[in-house]
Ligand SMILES: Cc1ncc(C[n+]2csc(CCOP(=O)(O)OP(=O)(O)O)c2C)c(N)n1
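A lone chain, given as structure tokens: the form predicted alone.
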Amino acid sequence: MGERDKHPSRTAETDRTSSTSRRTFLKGIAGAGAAISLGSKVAWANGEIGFWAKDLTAEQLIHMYTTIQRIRWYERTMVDKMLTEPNYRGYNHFYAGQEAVATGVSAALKNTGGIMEADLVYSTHRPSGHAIAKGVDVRKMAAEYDFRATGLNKGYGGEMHIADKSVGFMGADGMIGPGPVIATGSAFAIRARGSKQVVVNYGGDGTYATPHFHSTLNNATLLKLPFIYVLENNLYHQYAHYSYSTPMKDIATAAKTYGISGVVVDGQDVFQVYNAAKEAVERARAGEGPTLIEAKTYRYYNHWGAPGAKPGELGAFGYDPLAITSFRPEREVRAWMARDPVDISRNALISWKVLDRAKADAIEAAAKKEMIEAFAWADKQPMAKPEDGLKNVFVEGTVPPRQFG
């Protein structure tokens, strides 16, 4: 059933009007987002930004909004557990505030078909949003975060090492930097076997100062790999502003060094992220090589844990004992929260008449309920046994000799 069949009162003229209004709205928020959160015009290294989000169906747009809400309430539920339940063992780095990045990117990917067909994603030490947007089971993920035996990885990994190859989520990485090197290995394998998959690697602003960032882009360019580096610039690596380790304002300008496409987008705006990701994915599938996307975004909580946060409230403010001091101004946090990715996507879909306020509220309520139930399910799962820690580490039995010639 087509979109017009589901809305019989629509005519061809109203569909054209809706498409035009979406384009106008997207242009407007692109400019506004640049002025408010980026401080400069959104810049593309190769041509102008496309407006692909205007062509998404109502179902696709609602799915994106739902994904943003699901990530938000997974995070908020987890924050409250850390603040109120002393026996909760999760060591977590929260993604709240950055939901539009993972959602916009994954909306442009193929997320089904397993490791041999789905597009692949490599994540960071802040993996929740990337995993949920890719389709990972939230109950098993919640169990893994608390090191439960029935967790996504049987309680061995915890937050920073979750993986689910069934949806192409290849794993989080607790180390800053090495992830893209592994990801480009997958991209090389994909090119070698001739499939049309692409590989996305997420990294933070701190990765620019690592050698892996540069060697990855160098090799991906030399080999024209189907690789997309999504750099989530949330301004701080741990407690230091990115300007302490990066000589340029826009890290995406590093793409010029390697002669590849580089783009800066407002990471609070899921439509801008989707537009950039769609072009990068199409370029990669066509054999045109890698893209570097820098999404300007912000984390509402501190580097890890929930110091400065209160149960039931969004965001962390004030003193962080691990940072010795308050490392970012409260006004800065509140200014970014005033351009919340949840609000931007919600207001856009209401203005496009894709959703009304009641439906938007119902989607949020359902997401909240789903995550509360997911963590409640995880709480009932058996703990991983310490003695099982050596399982799958050593090979047992004899290993046949092999000749290498």
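We number the residues from 1 along the sequence you see. Since the model is a prediction, treat every value here as computed from it, not as a measurement.
What comes next is about the form predicted together with this ligand, which does not appear here.
Query raised in the report: Is every one of 126, 176 and 207 in contact with this ligand in the predicted complex, taking contact as a heavy atom within 4.5 Å?
Result: Heavy-atom distance to this ligand in the predicted complex: all three under 4.5 Å.
Query raised in the report: Quick one: does residue 303 come within 4.5 Å of this ligand in the predicted complex, counting heavy atoms only?
Result: Flag for residue 303 set to yes.
Query raised in the report: Does the 4.5 Å heavy atom contact test between residue 299 and this ligand in the predicted complex come out positive?
Result: Judged by the heavy-atom cut-off of 4.5 Å, residue 299 is in contact with this ligand in the predicted complex.
Query raised in the report: Within a 4.5 Å heavy atom cut-off, is residue 166 in contact with this ligand in the predicted complex?
Result: Residue-level check for residue 166: no, no contact with this ligand.
Query raised in the report: Hey, in the predicted complex, is residue 261 touching this ligand, heavy atoms inside 4.5 Å?
Result: Contact check for residue 261: no, nothing within 4.5 Å of this ligand in the predicted complex.
Query raised in the report: Can you say which of 198 to 206, 108 to 116, 141 to 149, 281 to 289 gets within 4.5 Å of this ligand in the predicted complex, counting heavy atoms only?
Result: It is the stretch 198 to 206.
Query raised in the report: Among 84, 238, 215, 257, which has any heavy atom within 4.5 Å of this ligand in the predicted complex?
Result: It is 238.
Query raised in the report: Of the options 92, 275, 234, 184, which one has a non-hydrogen atom that comes within 4.5 Å of this ligand in the predicted complex?
Result: Looking at 92, 275, 234, 184 one by one, just 234 meets the 4.5 Å heavy-atom criterion.
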